[in-house]
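In the form predicted alone, a lone chain appears below as C-alpha coordinates.
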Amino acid sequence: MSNKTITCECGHVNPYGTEICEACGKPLQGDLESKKLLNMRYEGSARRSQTYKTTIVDKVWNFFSSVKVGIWIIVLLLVASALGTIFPQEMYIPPLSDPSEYYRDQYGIPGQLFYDLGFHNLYGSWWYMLLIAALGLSLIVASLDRFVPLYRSLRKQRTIRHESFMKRQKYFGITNIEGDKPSLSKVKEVLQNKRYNVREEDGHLFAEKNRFSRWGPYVNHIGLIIFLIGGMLRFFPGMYVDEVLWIKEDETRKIKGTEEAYYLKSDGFILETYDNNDEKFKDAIEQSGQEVVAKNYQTDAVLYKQVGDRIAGTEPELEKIKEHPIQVNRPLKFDDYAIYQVDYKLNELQSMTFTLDKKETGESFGELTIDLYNPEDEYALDEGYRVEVMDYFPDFEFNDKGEPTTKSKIPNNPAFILRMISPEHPDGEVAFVAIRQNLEPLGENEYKMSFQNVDTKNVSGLVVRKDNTLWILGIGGAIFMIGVVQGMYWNHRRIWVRRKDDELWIASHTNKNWYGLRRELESITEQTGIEMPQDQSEQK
(Lines give C-alpha, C1' and ligand atoms only; values in the text may rest on other atoms or scores of the structure.)
Protein backbone atom coordinates (compact mmCIF):
# COMPACT_ATOMS: atom_id res chain seq x y z
CA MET A 1 0.00 0.00 0.00
CA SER A 2 1.39 3.39 -1.02
CA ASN A 3 0.39 6.76 0.33
CA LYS A 4 -1.67 7.35 -2.81
CA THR A 5 -3.39 4.05 -3.55
CA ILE A 6 -4.62 0.93 -1.75
CA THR A 7 -4.38 -2.42 -3.54
CA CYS A 8 -7.01 -4.92 -2.38
CA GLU A 9 -6.36 -8.68 -2.25
CA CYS A 10 -8.73 -8.99 -5.24
CA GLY A 11 -6.20 -7.01 -7.26
CA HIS A 12 -8.22 -3.81 -7.59
CA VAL A 13 -6.29 -0.57 -6.98
CA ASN A 14 -8.34 1.84 -4.86
CA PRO A 15 -7.71 5.56 -4.33
CA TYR A 16 -6.08 6.53 -1.05
CA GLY A 17 -8.71 6.90 1.69
CA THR A 18 -11.10 4.22 0.34
CA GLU A 19 -12.84 2.35 3.19
CA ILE A 20 -14.52 -0.41 1.14
CA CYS A 21 -12.92 -1.92 -1.97
CA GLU A 22 -14.70 -0.54 -5.03
CA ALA A 23 -14.65 -3.95 -6.72
CA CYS A 24 -15.14 -6.77 -4.19
CA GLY A 25 -16.41 -4.79 -1.21
CA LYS A 26 -13.80 -5.95 1.25
CA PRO A 27 -13.48 -3.51 4.18
CA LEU A 28 -10.05 -1.92 3.95
CA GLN A 29 -10.11 -0.43 7.41
CA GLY A 30 -10.86 -2.00 10.78
CA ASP A 31 -11.40 -5.61 11.79
CA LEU A 32 -12.69 -7.96 9.08
CA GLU A 33 -14.51 -10.01 11.74
CA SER A 34 -16.39 -7.03 13.06
CA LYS A 35 -20.17 -7.36 13.08
CA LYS A 36 -20.76 -3.62 12.80
CA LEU A 37 -22.80 -2.76 9.71
CA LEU A 38 -20.86 -1.12 6.91
CA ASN A 39 -21.39 2.56 6.21
CA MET A 40 -22.75 2.36 2.66
CA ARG A 41 -23.72 6.01 2.27
CA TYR A 42 -21.05 6.69 -0.34
CA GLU A 43 -20.03 3.03 -0.81
CA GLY A 44 -17.04 3.69 1.46
CA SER A 45 -15.42 5.59 -1.39
CA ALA A 46 -12.52 8.01 -1.01
CA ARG A 47 -13.97 11.53 -0.90
CA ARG A 48 -11.41 14.22 -1.50
CA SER A 49 -12.65 16.30 1.43
CA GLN A 50 -12.06 13.37 3.81
CA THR A 51 -8.64 12.44 2.42
CA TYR A 52 -6.60 15.54 1.57
CA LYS A 53 -6.38 18.25 4.23
CA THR A 54 -2.95 19.87 3.98
CA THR A 55 -2.78 22.52 1.23
CA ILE A 56 -4.79 25.74 0.99
CA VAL A 57 -6.67 24.26 -1.98
CA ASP A 58 -7.61 21.28 0.19
CA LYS A 59 -8.86 23.55 2.97
CA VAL A 60 -10.97 25.66 0.58
CA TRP A 61 -12.36 22.50 -1.05
CA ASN A 62 -13.16 20.95 2.34
CA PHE A 63 -14.86 24.15 3.51
CA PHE A 64 -17.24 24.39 0.54
CA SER A 65 -17.84 20.62 0.40
CA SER A 66 -19.36 20.68 3.89
CA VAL A 67 -23.14 20.33 3.97
CA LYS A 68 -23.19 22.42 7.16
CA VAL A 69 -21.50 25.30 5.34
CA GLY A 70 -24.08 25.08 2.54
CA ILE A 71 -26.91 25.14 5.08
CA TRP A 72 -25.43 28.18 6.84
CA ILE A 73 -25.14 30.02 3.53
CA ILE A 74 -28.82 29.28 2.85
CA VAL A 75 -29.70 30.50 6.37
CA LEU A 76 -27.78 33.74 5.79
CA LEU A 77 -29.58 34.25 2.48
CA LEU A 78 -32.96 33.67 4.14
CA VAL A 79 -32.14 36.06 7.00
CA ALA A 80 -30.90 38.72 4.57
CA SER A 81 -34.02 38.32 2.42
CA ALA A 82 -36.22 38.65 5.50
CA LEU A 83 -34.40 41.80 6.67
CA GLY A 84 -34.86 43.23 3.18
CA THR A 85 -38.63 43.25 3.73
CA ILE A 86 -38.52 45.43 6.85
CA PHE A 87 -38.62 48.59 4.73
CA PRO A 88 -39.60 48.89 1.05
CA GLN A 89 -36.99 48.23 -1.61
CA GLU A 90 -35.73 51.22 -3.59
CA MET A 91 -37.95 50.37 -6.57
CA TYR A 92 -41.05 50.88 -4.40
CA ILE A 93 -40.24 54.25 -2.83
CA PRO A 94 -41.77 57.40 -4.37
CA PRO A 95 -40.33 58.20 -7.80
CA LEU A 96 -37.66 60.92 -7.93
CA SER A 97 -36.94 60.46 -4.21
CA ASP A 98 -33.31 60.38 -3.15
CA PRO A 99 -32.91 56.98 -1.41
CA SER A 100 -30.19 58.27 0.93
CA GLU A 101 -32.57 60.95 2.22
CA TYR A 102 -35.84 59.02 1.94
CA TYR A 103 -34.91 56.15 4.25
CA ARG A 104 -33.40 58.50 6.84
CA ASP A 105 -36.35 60.89 6.77
CA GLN A 106 -39.03 58.22 6.80
CA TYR A 107 -37.55 55.62 9.15
CA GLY A 108 -34.87 57.47 11.12
CA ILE A 109 -31.66 55.74 12.21
CA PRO A 110 -32.92 52.21 11.32
CA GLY A 111 -33.76 53.48 7.84
CA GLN A 112 -30.32 55.06 7.46
CA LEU A 113 -28.68 51.80 8.55
CA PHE A 114 -30.96 49.90 6.15
CA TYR A 115 -29.68 52.11 3.32
CA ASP A 116 -26.00 52.11 4.34
CA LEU A 117 -25.88 48.29 4.48
CA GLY A 118 -27.38 48.00 1.01
CA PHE A 119 -30.69 46.44 2.06
CA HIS A 120 -32.56 49.07 0.01
CA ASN A 121 -31.32 47.34 -3.15
CA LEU A 122 -30.85 43.93 -1.59
CA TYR A 123 -30.92 41.65 -4.61
CA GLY A 124 -28.41 43.79 -6.48
CA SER A 125 -26.00 44.39 -3.60
CA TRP A 126 -22.47 43.01 -3.95
CA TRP A 127 -22.58 41.02 -0.71
CA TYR A 128 -25.91 39.36 -1.59
CA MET A 129 -24.45 38.38 -4.97
CA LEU A 130 -21.40 37.07 -3.10
CA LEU A 131 -23.65 34.87 -0.96
CA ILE A 132 -25.41 33.56 -4.08
CA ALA A 133 -22.03 32.81 -5.67
CA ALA A 134 -20.87 31.07 -2.48
CA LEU A 135 -24.00 28.92 -2.50
CA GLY A 136 -23.41 27.99 -6.13
CA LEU A 137 -19.76 27.15 -5.38
CA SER A 138 -20.83 25.07 -2.39
CA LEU A 139 -23.28 23.11 -4.55
CA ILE A 140 -20.64 22.46 -7.22
CA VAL A 141 -17.90 21.40 -4.80
CA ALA A 142 -20.20 19.28 -2.62
CA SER A 143 -21.60 17.54 -5.70
CA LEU A 144 -18.21 16.77 -7.24
CA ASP A 145 -16.82 15.66 -3.89
CA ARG A 146 -19.53 13.00 -3.60
CA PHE A 147 -20.62 12.21 -7.14
CA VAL A 148 -17.25 11.30 -8.69
CA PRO A 149 -16.19 8.67 -6.10
CA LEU A 150 -19.74 7.30 -5.84
CA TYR A 151 -20.02 6.94 -9.61
CA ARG A 152 -16.62 5.22 -9.75
CA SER A 153 -17.56 2.77 -6.99
CA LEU A 154 -20.92 1.84 -8.50
CA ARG A 155 -19.41 1.44 -11.95
CA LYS A 156 -16.62 -0.87 -10.79
CA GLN A 157 -18.58 -3.16 -8.44
CA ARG A 158 -18.16 -6.88 -9.19
CA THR A 159 -20.62 -9.73 -9.05
CA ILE A 160 -18.59 -11.67 -6.47
CA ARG A 161 -18.47 -9.74 -3.21
CA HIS A 162 -16.25 -10.37 -0.21
CA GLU A 163 -17.72 -12.47 2.59
CA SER A 164 -17.20 -9.71 5.16
CA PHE A 165 -19.03 -7.29 2.88
CA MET A 166 -22.10 -9.54 2.73
CA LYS A 167 -22.10 -10.35 6.45
CA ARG A 168 -22.08 -6.67 7.37
CA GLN A 169 -25.09 -5.66 5.26
CA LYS A 170 -28.33 -4.75 7.01
CA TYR A 171 -30.22 -7.67 5.41
CA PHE A 172 -28.21 -10.89 5.43
CA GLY A 173 -29.19 -14.55 5.55
CA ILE A 174 -27.84 -18.06 4.97
CA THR A 175 -29.85 -20.93 3.51
CA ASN A 176 -28.70 -24.55 3.76
CA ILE A 177 -29.25 -26.22 0.43
CA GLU A 178 -29.27 -29.81 -0.76
CA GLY A 179 -28.13 -30.50 -4.28
CA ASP A 180 -29.22 -27.62 -6.46
CA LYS A 181 -32.38 -26.60 -4.64
CA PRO A 182 -33.19 -23.82 -4.55
CA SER A 183 -31.52 -23.34 -7.93
CA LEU A 184 -29.73 -20.18 -8.95
CA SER A 185 -31.60 -20.23 -12.23
CA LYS A 186 -34.89 -19.95 -10.34
CA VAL A 187 -33.54 -17.10 -8.20
CA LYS A 188 -32.28 -15.36 -11.31
CA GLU A 189 -35.66 -15.73 -13.04
CA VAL A 190 -37.55 -14.30 -10.07
CA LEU A 191 -35.17 -11.34 -9.80
CA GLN A 192 -35.48 -10.61 -13.50
CA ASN A 193 -39.28 -10.72 -13.22
CA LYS A 194 -38.97 -8.00 -10.60
CA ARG A 195 -37.07 -5.88 -13.13
CA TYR A 196 -33.62 -6.37 -11.69
CA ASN A 197 -30.59 -6.32 -13.94
CA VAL A 198 -28.93 -9.60 -13.04
CA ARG A 199 -25.30 -10.64 -13.58
CA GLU A 200 -24.08 -14.18 -12.95
CA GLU A 201 -20.49 -15.31 -12.39
CA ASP A 202 -19.19 -18.69 -11.11
CA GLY A 203 -22.41 -19.53 -9.28
CA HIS A 204 -22.86 -16.03 -7.84
CA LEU A 205 -25.55 -13.49 -8.64
CA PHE A 206 -25.65 -9.74 -8.49
CA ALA A 207 -29.05 -8.08 -9.02
CA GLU A 208 -29.47 -4.32 -9.24
CA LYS A 209 -32.19 -1.88 -10.25
CA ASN A 210 -32.89 1.84 -10.22
CA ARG A 211 -29.26 2.90 -9.92
CA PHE A 212 -30.23 6.12 -11.69
CA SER A 213 -32.12 7.21 -8.58
CA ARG A 214 -28.79 7.72 -6.80
CA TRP A 215 -28.09 10.63 -9.12
CA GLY A 216 -31.32 12.45 -8.14
CA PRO A 217 -29.69 14.78 -5.56
CA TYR A 218 -26.94 15.69 -8.02
CA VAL A 219 -29.50 16.44 -10.73
CA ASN A 220 -31.16 18.69 -8.11
CA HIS A 221 -27.86 20.47 -7.64
CA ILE A 222 -27.39 20.95 -11.38
CA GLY A 223 -30.87 22.46 -11.61
CA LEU A 224 -30.18 24.78 -8.65
CA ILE A 225 -26.84 25.86 -10.10
CA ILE A 226 -28.46 26.70 -13.45
CA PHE A 227 -31.23 28.53 -11.58
CA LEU A 228 -28.68 30.55 -9.58
CA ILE A 229 -26.78 31.37 -12.78
CA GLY A 230 -30.04 32.63 -14.30
CA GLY A 231 -30.68 34.73 -11.20
CA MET A 232 -27.19 36.25 -11.26
CA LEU A 233 -27.43 36.99 -14.99
CA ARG A 234 -30.28 39.38 -14.16
CA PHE A 235 -27.67 41.82 -12.92
CA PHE A 236 -25.75 41.84 -16.20
CA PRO A 237 -26.63 44.78 -18.50
CA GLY A 238 -29.21 43.91 -21.11
CA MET A 239 -30.34 40.66 -19.50
CA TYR A 240 -33.02 41.96 -17.15
CA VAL A 241 -34.93 45.23 -16.89
CA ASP A 242 -37.60 46.17 -14.33
CA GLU A 243 -37.88 49.94 -14.27
CA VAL A 244 -40.61 52.34 -13.17
CA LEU A 245 -41.50 55.08 -15.66
CA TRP A 246 -43.75 58.00 -14.70
CA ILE A 247 -44.82 60.00 -17.72
CA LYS A 248 -47.07 63.06 -17.96
CA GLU A 249 -49.62 63.78 -20.64
CA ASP A 250 -48.00 65.22 -23.80
CA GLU A 251 -44.56 64.37 -22.43
CA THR A 252 -41.89 62.36 -24.31
CA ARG A 253 -39.39 60.45 -22.20
CA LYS A 254 -36.62 58.00 -22.90
CA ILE A 255 -37.49 54.48 -21.84
CA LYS A 256 -35.29 53.28 -19.01
CA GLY A 257 -33.25 50.17 -19.66
CA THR A 258 -33.18 50.55 -23.45
CA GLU A 259 -29.86 52.42 -23.51
CA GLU A 260 -31.67 55.50 -24.85
CA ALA A 261 -32.64 53.64 -28.02
CA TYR A 262 -36.40 54.03 -27.45
CA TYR A 263 -38.61 56.90 -26.33
CA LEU A 264 -42.25 56.99 -25.26
CA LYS A 265 -44.78 59.79 -25.60
CA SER A 266 -48.09 60.02 -23.76
CA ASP A 267 -50.78 61.34 -26.06
CA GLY A 268 -53.23 61.36 -23.17
CA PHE A 269 -54.52 59.49 -20.16
CA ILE A 270 -58.01 57.98 -19.92
CA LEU A 271 -59.75 56.98 -16.69
CA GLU A 272 -63.11 55.23 -16.73
CA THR A 273 -64.94 54.53 -13.48
CA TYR A 274 -67.94 52.47 -12.48
CA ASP A 275 -71.23 54.27 -11.98
CA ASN A 276 -71.98 54.31 -8.25
CA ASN A 277 -75.70 54.29 -9.02
CA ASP A 278 -75.53 51.25 -11.31
CA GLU A 279 -77.47 48.48 -9.57
CA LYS A 280 -75.09 45.78 -10.89
CA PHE A 281 -72.08 47.31 -9.17
CA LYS A 282 -73.58 49.39 -6.37
CA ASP A 283 -73.19 46.75 -3.64
CA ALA A 284 -69.65 45.82 -4.67
CA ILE A 285 -68.58 49.49 -4.74
CA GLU A 286 -70.04 50.05 -1.27
CA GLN A 287 -68.22 46.99 0.07
CA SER A 288 -64.92 48.21 -1.40
CA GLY A 289 -65.15 51.36 0.74
CA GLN A 290 -63.97 53.53 -2.18
CA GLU A 291 -65.88 56.45 -3.57
CA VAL A 292 -64.47 55.91 -7.06
CA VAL A 293 -63.57 52.49 -8.48
CA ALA A 294 -61.56 52.42 -11.70
CA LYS A 295 -63.06 50.45 -14.55
CA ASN A 296 -60.27 51.15 -16.99
CA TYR A 297 -57.23 53.39 -17.06
CA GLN A 298 -54.91 53.62 -20.00
CA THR A 299 -52.13 55.60 -21.54
CA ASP A 300 -52.41 56.37 -25.23
CA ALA A 301 -48.73 55.81 -25.99
CA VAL A 302 -46.58 56.46 -29.03
CA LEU A 303 -43.30 54.54 -29.32
CA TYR A 304 -40.30 56.19 -30.97
CA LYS A 305 -36.85 54.90 -31.83
CA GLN A 306 -33.75 57.05 -31.98
CA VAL A 307 -32.30 57.39 -35.46
CA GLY A 308 -28.53 57.64 -35.84
CA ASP A 309 -26.11 58.80 -33.18
CA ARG A 310 -27.14 61.52 -30.80
CA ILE A 311 -24.91 64.59 -30.60
CA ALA A 312 -24.40 65.90 -27.08
CA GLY A 313 -26.49 68.99 -26.36
CA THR A 314 -29.00 68.34 -29.15
CA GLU A 315 -32.43 66.76 -29.19
CA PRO A 316 -32.48 63.16 -30.45
CA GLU A 317 -33.88 62.43 -33.90
CA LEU A 318 -36.82 60.08 -33.38
CA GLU A 319 -38.66 57.74 -35.73
CA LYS A 320 -42.23 56.76 -34.91
CA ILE A 321 -42.55 52.99 -34.49
CA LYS A 322 -46.10 52.33 -33.31
CA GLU A 323 -49.09 53.60 -31.34
CA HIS A 324 -50.64 51.49 -28.62
CA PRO A 325 -53.15 52.07 -25.77
CA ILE A 326 -51.41 50.66 -22.69
CA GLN A 327 -53.94 49.15 -20.31
CA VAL A 328 -53.73 46.83 -17.33
CA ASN A 329 -52.74 43.39 -18.68
CA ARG A 330 -52.43 44.85 -22.20
CA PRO A 331 -48.81 45.99 -22.39
CA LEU A 332 -46.99 47.67 -25.22
CA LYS A 333 -44.50 45.07 -26.54
CA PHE A 334 -41.47 45.70 -28.73
CA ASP A 335 -38.25 43.74 -29.19
CA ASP A 336 -37.85 41.89 -25.86
CA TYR A 337 -39.49 44.67 -23.85
CA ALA A 338 -42.99 45.10 -22.45
CA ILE A 339 -44.43 48.28 -20.89
CA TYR A 340 -47.26 47.74 -18.40
CA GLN A 341 -49.80 50.16 -16.96
CA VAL A 342 -49.65 49.79 -13.17
CA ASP A 343 -50.62 53.13 -11.59
CA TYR A 344 -51.74 56.71 -12.21
CA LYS A 345 -51.97 60.11 -10.56
CA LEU A 346 -54.71 62.56 -11.43
CA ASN A 347 -54.20 66.31 -11.54
CA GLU A 348 -50.61 66.33 -10.36
CA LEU A 349 -49.24 69.85 -9.95
CA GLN A 350 -46.92 70.89 -12.77
CA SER A 351 -46.44 74.65 -12.42
CA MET A 352 -47.59 77.61 -10.37
CA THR A 353 -48.04 81.18 -11.60
CA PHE A 354 -47.52 84.28 -9.42
CA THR A 355 -47.42 88.02 -9.86
CA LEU A 356 -45.20 90.47 -7.99
CA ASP A 357 -47.49 93.11 -6.52
CA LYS A 358 -47.06 96.24 -4.43
CA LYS A 359 -49.20 95.74 -1.34
CA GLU A 360 -50.19 99.41 -0.87
CA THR A 361 -51.39 100.12 -4.43
CA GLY A 362 -52.03 96.60 -5.75
CA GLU A 363 -49.94 97.42 -8.81
CA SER A 364 -48.44 94.40 -10.55
CA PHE A 365 -44.86 94.37 -11.86
CA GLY A 366 -44.86 91.15 -13.85
CA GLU A 367 -45.88 87.54 -13.88
CA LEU A 368 -43.75 84.42 -13.42
CA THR A 369 -44.53 80.73 -13.84
CA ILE A 370 -42.46 78.28 -11.82
CA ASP A 371 -41.97 74.78 -13.19
CA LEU A 372 -42.40 72.62 -10.10
CA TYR A 373 -40.12 69.91 -11.47
CA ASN A 374 -37.37 72.19 -12.70
CA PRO A 375 -37.60 75.67 -11.16
CA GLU A 376 -35.17 78.38 -12.32
CA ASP A 377 -32.91 80.20 -9.91
CA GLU A 378 -34.11 83.65 -10.98
CA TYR A 379 -37.05 85.18 -12.88
CA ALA A 380 -36.67 88.60 -14.52
CA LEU A 381 -39.77 90.86 -14.57
CA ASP A 382 -40.60 94.32 -15.87
CA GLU A 383 -38.62 97.52 -15.14
CA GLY A 384 -35.73 95.79 -13.34
CA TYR A 385 -37.89 93.86 -10.93
CA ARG A 386 -36.90 90.25 -10.42
CA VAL A 387 -37.53 87.26 -8.12
CA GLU A 388 -34.90 84.82 -6.87
CA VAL A 389 -35.74 81.30 -5.67
CA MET A 390 -33.76 80.94 -2.45
CA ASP A 391 -35.13 77.51 -1.56
CA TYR A 392 -37.76 75.09 -2.83
CA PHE A 393 -39.66 72.36 -0.95
CA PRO A 394 -41.66 70.18 -3.38
CA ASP A 395 -43.47 68.26 -0.61
CA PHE A 396 -43.36 70.78 2.20
CA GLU A 397 -43.59 70.00 5.91
CA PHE A 398 -41.98 71.17 9.15
CA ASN A 399 -39.49 68.78 10.76
CA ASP A 400 -39.11 68.07 14.48
CA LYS A 401 -37.06 71.27 14.91
CA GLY A 402 -39.74 73.42 13.28
CA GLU A 403 -37.67 73.92 10.16
CA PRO A 404 -39.14 73.66 6.65
CA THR A 405 -38.21 70.46 4.77
CA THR A 406 -39.60 68.19 2.04
CA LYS A 407 -40.89 64.63 2.32
CA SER A 408 -40.12 63.80 -1.31
CA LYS A 409 -39.28 65.34 -4.66
CA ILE A 410 -42.88 65.07 -5.86
CA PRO A 411 -44.66 68.48 -5.78
CA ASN A 412 -47.56 67.37 -3.62
CA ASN A 413 -47.35 70.46 -1.44
CA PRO A 414 -44.90 72.93 -3.00
CA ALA A 415 -43.47 75.81 -1.01
CA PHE A 416 -40.86 78.48 -1.81
CA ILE A 417 -38.59 80.92 -0.07
CA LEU A 418 -38.39 83.83 -2.51
CA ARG A 419 -36.35 87.03 -2.59
CA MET A 420 -38.29 89.93 -4.21
CA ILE A 421 -35.87 92.52 -5.64
CA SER A 422 -37.17 96.00 -6.53
CA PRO A 423 -35.67 99.49 -7.05
CA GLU A 424 -36.68 100.44 -3.51
CA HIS A 425 -35.19 97.22 -2.07
CA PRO A 426 -32.08 96.25 -4.09
CA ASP A 427 -31.11 93.71 -1.39
CA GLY A 428 -34.53 92.15 -1.68
CA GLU A 429 -37.42 91.26 0.60
CA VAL A 430 -37.92 87.63 1.69
CA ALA A 431 -41.27 85.86 1.44
CA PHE A 432 -42.33 82.31 2.24
CA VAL A 433 -44.97 81.23 -0.29
CA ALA A 434 -46.94 77.98 -0.20
CA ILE A 435 -50.47 76.85 -0.99
CA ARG A 436 -52.72 79.19 1.00
CA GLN A 437 -49.69 80.62 2.81
CA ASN A 438 -47.83 83.88 2.22
CA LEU A 439 -45.56 84.64 5.15
CA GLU A 440 -42.98 87.35 5.80
CA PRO A 441 -40.37 85.66 8.04
CA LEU A 442 -37.96 88.65 8.21
CA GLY A 443 -40.48 91.39 8.91
CA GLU A 444 -43.17 93.24 7.00
CA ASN A 445 -42.57 93.60 3.25
CA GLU A 446 -43.61 96.30 0.82
CA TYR A 447 -44.14 93.78 -1.96
CA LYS A 448 -45.85 90.39 -2.05
CA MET A 449 -46.18 87.35 -4.30
CA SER A 450 -49.79 86.86 -5.38
CA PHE A 451 -50.94 83.41 -6.49
CA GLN A 452 -52.68 83.43 -9.90
CA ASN A 453 -53.22 79.84 -11.07
CA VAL A 454 -51.83 76.32 -11.15
CA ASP A 455 -51.33 73.93 -14.04
CA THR A 456 -51.98 70.19 -13.49
CA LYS A 457 -51.55 67.08 -15.60
CA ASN A 458 -52.46 63.43 -15.28
CA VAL A 459 -49.47 61.15 -14.81
CA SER A 460 -49.23 57.51 -15.88
CA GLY A 461 -47.31 54.99 -13.78
CA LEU A 462 -45.71 52.46 -16.12
CA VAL A 463 -43.30 49.57 -15.63
CA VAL A 464 -40.71 48.64 -18.25
CA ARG A 465 -39.84 44.95 -18.19
CA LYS A 466 -37.42 42.74 -20.06
CA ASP A 467 -36.26 39.30 -18.97
CA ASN A 468 -33.83 37.26 -21.05
CA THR A 469 -33.18 34.91 -18.13
CA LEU A 470 -36.60 33.27 -17.96
CA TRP A 471 -35.61 30.37 -20.21
CA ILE A 472 -32.53 29.73 -18.06
CA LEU A 473 -34.63 29.81 -14.90
CA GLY A 474 -37.18 27.52 -16.56
CA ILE A 475 -34.52 24.98 -17.57
CA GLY A 476 -33.01 25.08 -14.08
CA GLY A 477 -36.41 24.61 -12.45
CA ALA A 478 -37.31 21.74 -14.79
CA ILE A 479 -34.02 19.94 -14.14
CA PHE A 480 -34.49 20.44 -10.40
CA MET A 481 -37.96 18.86 -10.53
CA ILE A 482 -36.62 15.94 -12.59
CA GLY A 483 -34.05 15.36 -9.84
CA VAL A 484 -36.78 15.53 -7.17
CA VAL A 485 -38.87 12.91 -8.97
CA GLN A 486 -35.81 10.81 -9.78
CA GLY A 487 -34.65 10.64 -6.17
CA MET A 488 -38.05 10.52 -4.49
CA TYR A 489 -40.05 7.92 -6.41
CA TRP A 490 -37.31 5.36 -7.09
CA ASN A 491 -34.69 3.79 -4.85
CA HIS A 492 -31.50 1.94 -5.62
CA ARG A 493 -31.78 -1.73 -4.60
CA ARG A 494 -29.11 -4.40 -4.79
CA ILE A 495 -29.15 -8.10 -3.94
CA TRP A 496 -26.07 -10.31 -3.78
CA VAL A 497 -26.39 -14.12 -3.87
CA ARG A 498 -23.25 -16.17 -3.09
CA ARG A 499 -22.88 -19.92 -3.28
CA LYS A 500 -20.55 -21.35 -0.61
CA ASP A 501 -20.37 -25.14 -0.29
CA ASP A 502 -23.86 -26.25 0.81
CA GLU A 503 -24.93 -22.76 1.75
CA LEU A 504 -26.53 -19.95 -0.19
CA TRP A 505 -25.72 -16.50 1.16
CA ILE A 506 -27.97 -13.57 0.38
CA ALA A 507 -27.40 -9.94 1.28
CA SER A 508 -29.24 -6.81 0.23
CA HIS A 509 -28.98 -3.04 0.45
CA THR A 510 -31.02 -0.01 -0.58
CA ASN A 511 -30.31 3.69 -0.28
CA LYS A 512 -33.79 4.29 1.21
CA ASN A 513 -37.23 2.75 1.75
CA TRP A 514 -36.09 -0.30 3.68
CA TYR A 515 -39.68 -1.34 4.24
CA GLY A 516 -40.20 -1.63 0.48
CA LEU A 517 -37.03 -3.70 0.15
CA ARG A 518 -38.17 -6.01 2.96
CA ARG A 519 -41.51 -6.59 1.22
CA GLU A 520 -39.67 -7.38 -2.00
CA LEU A 521 -37.31 -9.81 -0.24
CA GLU A 522 -40.27 -11.57 1.33
CA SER A 523 -41.78 -12.07 -2.12
CA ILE A 524 -38.48 -13.30 -3.60
CA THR A 525 -37.79 -15.77 -0.79
CA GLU A 526 -41.34 -17.06 -0.91
CA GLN A 527 -41.04 -17.82 -4.64
CA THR A 528 -37.55 -19.35 -4.47
CA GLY A 529 -37.54 -21.19 -1.14
CA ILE A 530 -34.60 -19.18 0.22
CA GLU A 531 -34.80 -18.28 3.88
CA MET A 532 -35.74 -14.70 4.56
CA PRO A 533 -32.63 -12.56 5.34
CA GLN A 534 -32.60 -11.11 8.84
CA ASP A 535 -32.49 -7.44 9.66
CA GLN A 536 -29.17 -7.30 11.50
CA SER A 537 -29.78 -3.78 12.76
CA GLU A 538 -32.50 -5.18 15.06
CA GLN A 539 -30.26 -7.88 16.50
CA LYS A 540 -28.40 -7.22 19.72
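A residue's number is simply how far along the shown sequence it sits, counting from 1. What you see is a predicted model, and the numbers here were worked out from it, not measured in a lab.
Not on display, but discussed next: the form predicted together with ligand HEM.
Undergrad: Would you confirm whether the three residues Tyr42, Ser65 and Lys512 all fall within 4.5 Å of ligand HEM in the predicted bound form, going by non-hydrogen atoms?
TA: Yes, the whole trio is in contact, each within 4.5 Å by some heavy atom.
Undergrad: Consider the chain as shown here, without its partner, and state which of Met488, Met481, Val57, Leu37 has a heavy atom within 4.5 Å of ligand HEM in the predicted bound form.
TA: The residue from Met488, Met481, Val57, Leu37 that makes the contact is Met488.
Undergrad: Though ligand HEM is not shown, can you say which of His120, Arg161, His221, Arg168 has a heavy atom within 4.5 Å of it in the predicted bound form?
TA: The option sitting close enough to the partner is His221.
Undergrad: Evaluate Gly70 for contact with ligand HEM in the predicted bound form, applying a 4.5 angstroms cut-off between non-hydrogen atoms, and reply yes or no.
TA: Yes, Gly70 is a contact residue.
Undergrad: I'd like to know whether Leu135 contacts ligand HEM in the predicted bound form, with contact meaning heavy atoms within 4.5 angstroms.
TA: Looking in the predicted bound form, residue contacts with ligand HEM include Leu135, since a heavy atom lies within 4.5 Å.
Undergrad: Spell out, yes or no, whether the shortest heavy atom distance between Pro394 and ligand HEM in the predicted bound form is within 4.5 Å.
TA: Because no heavy atom of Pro394 falls inside 4.5 Å of ligand HEM in the predicted bound form, the answer is no.
Undergrad: How about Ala142: is it within 4.5 Å of ligand HEM in the predicted bound form, going by heavy atoms?
TA: Within the cut-off, so yes.
Undergrad: Please pick out the stretch from 467 to 475, 22 to 30, 57 to 65, 502 to 510 that is in contact with ligand HEM in the predicted bound form, where contact means heavy atoms within 4.5 Å.
TA: This holds for exactly one stretch, 57 to 65.
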